[in-house]
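The chain below stands alone and is given as structure tokens, in the form predicted on its own.
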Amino acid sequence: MARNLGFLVVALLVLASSCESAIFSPVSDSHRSAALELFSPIDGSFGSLEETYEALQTFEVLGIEKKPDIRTSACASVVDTLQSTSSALKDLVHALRVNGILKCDLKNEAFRGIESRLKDSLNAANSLLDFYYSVGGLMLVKDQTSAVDVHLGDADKIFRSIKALSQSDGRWRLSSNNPESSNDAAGIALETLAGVISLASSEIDHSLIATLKNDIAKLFDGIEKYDDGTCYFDEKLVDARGHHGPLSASASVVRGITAFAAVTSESLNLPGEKILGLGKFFLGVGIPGSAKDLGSVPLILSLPATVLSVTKNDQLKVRVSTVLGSSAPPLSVKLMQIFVSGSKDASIIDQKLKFDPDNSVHVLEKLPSNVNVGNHIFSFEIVFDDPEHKKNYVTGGRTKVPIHVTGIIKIDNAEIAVLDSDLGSIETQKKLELPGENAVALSANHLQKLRLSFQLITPAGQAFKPHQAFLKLRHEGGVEHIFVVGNSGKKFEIVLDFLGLVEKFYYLSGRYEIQLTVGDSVMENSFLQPLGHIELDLPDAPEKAARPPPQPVDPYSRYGPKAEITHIFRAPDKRPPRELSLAFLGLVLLPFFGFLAGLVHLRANINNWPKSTVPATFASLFHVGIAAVLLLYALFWFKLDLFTTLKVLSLLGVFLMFVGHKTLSHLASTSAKLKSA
């Protein structure tokens, strides 16, 4: 993580600063919850001491009470880092920062060793970061123990060495070898010089302080500003430490100026509107709520709701607090002006809002009568009850907040009619209930017209022009035609001349569904509803007339589930009588029995049947296997399926191959012995 994020690392609090019309709110419980989610320890530790400090400081600034318990692991890491002679200067500073929050058990001897190392590093420093970590470490030792003398006898010399890195525009360089300057380096330098002033054993030369105040004024001259008053310091430099965006650069400058303002008794005379702009940018994460910080505390004016309904008589509520969400001093809020968005005209109101002490909000119970539905910009002004509070708090002048006023729009004189083309006389006319259920049935030919008209009136009795007003005709074949309903003063009206639309309608006669759409973001009763249908009788299409475009195929009908297919099998043929089937079976088996009788009659020679036990066993198994195959065929015919039969047959085939090979081998060897004899 970058060094200068610190307790400003909750970056999601400043997302609204990039929006021209952002509504700024003080720090709330949602921000604290976000910080707890962002800083979640793993195995009881945040990892490095830098990350641990950023988490602890964020919890402290946001006032988070229920935070993770990491004291044991963090203090062990602090002690190891401070006692190690090989610890980097940066790690020493972060260890001291964590110790300043957790108050770990450290002896004075440890602080004396650290003080010696820091002063040696300060004397050998040749870059801004060397000065920053050395001086910052000494400041931390000073705050944590009084047993060690950390004062600087040569403070003027160190001050001038750091000041030599400044530029004419108020920005600073990180080292004399680096010609590039940045706002981030300026914040580091200011914080370091504030430490030098605090550690000086004698008063710093006043001319050096005056020069530094002039540098701060130049730095604020280059501040960036949005139209809503949000201010920030941009960073365009890409150096060895990487690119720093507006958040890091602004945080660094604010910390530096805050540190400098705390050690000098002179006023910095910083512009109040820019201080408030920085407060809006950080939304309080980077500016502690103390009157010493930057000379004054910014107050944030926020609205719990920026969408108000005149129909529901919503109240306008305004909350004023410090950027960290603490209570503001006694004050009043006035509604000074109301602007209509897109217009330079403004209504002068100058009305004081009523304060509700139970909810700590200022309430305007009823909107001014001249506020109509639409987008407005309300201009508020904060007035302190005690003028002395102007010294400690800054409001930034008038605050402009965009307000979205909605309401129910009244629809009058809605009607639809079929007109004769020549005379314009009404042939058929129907009243419409908008919004509501309508089911008009009209008919017309190509020589007639269709007219639709209605009026829109706001709750204030003024004519209303919505963002959307469409009339759609949809043919039964799926072809749609959309027309914009025009506005003629107080009345919305559209007239469709079918004679001029026959080509656009592709000469398609038949039924057309009528649908009306009226909508606007401030119209609470926007609607899209069918009005009914009209039967059109159009002339036949010429030979070369354009054809209707192919209608898109409904993906559901193409890729959706298909209709279930029901198979109807042919009824089985009638079986023959049982007696006839048995007689046929006997005729089939008759040749087999004849074969056996023939073997007996011919006196079959079985003299070659093996006499020994093992060959006789293999011969018997071979014939049993052949019988098993024949039995398997019979079972396949009556009961088994093909796959089961093939599985069993494969096993029997392997068995027959083995025992058959043994049997034939024995017969071959016996025959060879007989021939040789």
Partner chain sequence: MGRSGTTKDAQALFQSLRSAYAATPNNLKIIDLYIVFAVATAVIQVVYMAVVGSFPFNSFLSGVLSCVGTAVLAVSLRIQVNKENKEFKDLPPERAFADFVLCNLVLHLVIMNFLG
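In this text, rigid core is short for the largest set of C-alphas that superpose within 1.5 Å between two forms. Here the structure is a predicted model, which is why all the values come from computation and not from measurement. Positions refer to the first chain, counted from 1.
There is another form of the same protein, the form predicted together with the partner chain; it is not shown, and what comes next is about it.
Is G598 a contact residue for the partner chain in the predicted bound form, using a 4.5 Å heavy atom cut-off?
Residue-level check for G598: yes, a contact with the partner chain.
Given that the partner is absent here, does S581 sit within 4.5 Å of the partner chain in the predicted bound form, heavy atoms only?
Yes.
Indicate whether the partner chain has at least one heavy atom within 4.5 Å of a heavy atom of V624 in the predicted bound form.
Output for V624 is no: heavy atoms all beyond 4.5 Å of the partner chain.
Taking the shortest heavy atom distance, is A634 within 4.5 Å of the partner chain in the predicted bound form?
Yes.
Just to confirm the contact call: exactly one of 568 to 576, 330 to 338, 428 to 436, 369 to 377 touches the partner chain in the predicted bound form at a 4.5 Å heavy atom cutoff, so which is it?
Result of the contact check: 568 to 576.
Within 369 to 407, which residues have a heavy atom closer than or equal to 4.5 Å from the partner chain in the predicted bound form?
Going through 369 to 407 in order - heavy atoms within 4.5 Å of the partner chain in the predicted bound form - there are no hits.
Core-aligned, does L585 move its Cα 2 Å or more between the shown form and the other one?
After core superposition, the displacement of the L585 C-alpha between the shown form and the other one reaches the 2 Å mark, so yes.
Did A164 shift 2 Å or more between the shown form and the other one, C-alpha, core superposed:
Result for A164: no, shift under 2 Å.
Examine F622 after superposing the rigid core and state whether its CA is displaced by 2 Å or more between the shown form and the other one.
Moves: yes, 2 Å or greater.
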